[in-house]
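Coming up is one lone chain in structure tokens, specifically the form predicted on its own.
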Amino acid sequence: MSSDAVDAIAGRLREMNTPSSEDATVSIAEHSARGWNLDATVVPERLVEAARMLDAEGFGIDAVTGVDWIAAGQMEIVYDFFHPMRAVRAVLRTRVPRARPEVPTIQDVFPGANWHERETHDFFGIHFVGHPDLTPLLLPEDADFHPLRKDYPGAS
């Protein structure tokens, strides 16, 4: 993928952020020997649109995880993407209030996100709105806890 193509994708991701989204950023790192890394933070309302744009560009989903920013009162959801034909990786990040950790599912865009979102729900308690089945994937069926949240008993 050329630097112009990566710049075009970054520009479209920048357009998805609003002036009021203080945490919204888009950065590009060139790794000449290994390709490009594109790292973008988008507002939750534009997450599905950003995922659709990466899908249209030929990216595949690699992973979804969460980060508990307890001091900031936020949860971050991190989506890792790869391009199977070009040396470029992309990361989409979005943050939601810790008290109401909800984002729209992207499993309609990337069906492979289904299990990643279930796992992220298990461990961080993030609710993926529109997901067809957020029953525990790795935790016991009756689990009502999220062990990777920083306020989980025993978490450091």
Partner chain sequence: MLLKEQITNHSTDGHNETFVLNLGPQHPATHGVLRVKMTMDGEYITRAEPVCGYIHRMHEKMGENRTWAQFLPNTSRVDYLSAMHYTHAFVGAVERACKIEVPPRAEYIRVVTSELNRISSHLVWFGAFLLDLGGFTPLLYAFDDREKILDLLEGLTGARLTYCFYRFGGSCNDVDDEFITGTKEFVSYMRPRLKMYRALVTDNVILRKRLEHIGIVDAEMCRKYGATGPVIRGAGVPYDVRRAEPYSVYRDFDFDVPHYHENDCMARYLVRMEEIEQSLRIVEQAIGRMPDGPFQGKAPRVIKPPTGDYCYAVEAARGRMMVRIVSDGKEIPYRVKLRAPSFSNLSLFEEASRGMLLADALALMGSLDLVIPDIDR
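Because the structure is predicted, anything quoted here is derived from the model rather than measured. Residue numbers count along the first chain shown, from 1.
From this point on, the text means the form predicted together with its partner chain, which you will not see here.
In the predicted bound form, F128 stays away from its partner chain, with no heavy atom inside 4.5 Å. Although the partner is absent here, R89 is a contact residue: one of its heavy atoms lies within 4.5 angstroms of its partner chain in the predicted bound form.
For V109, a non-hydrogen atom is located within 4.5 Å of its partner chain in the predicted bound form, even though that partner is not displayed. The shortest heavy atom separation between A40 and its partner chain in the predicted bound form exceeds 4.5 Å. For the three marked residues, I70, L138 and P147, a heavy atom of each sits within 4.5 Å of its partner chain in the predicted bound form. The partner is absent here, but in the predicted bound form a heavy atom of A63, alone among I28, V96, A63, V48, sits within 4.5 Å of its partner chain. Taking a 4.5 Å heavy atom cutoff to its partner chain in the predicted bound form, the contacting residues in 73-93 are V78, D80, F82, H83, P84, M85, A87, R89, V91, R93.
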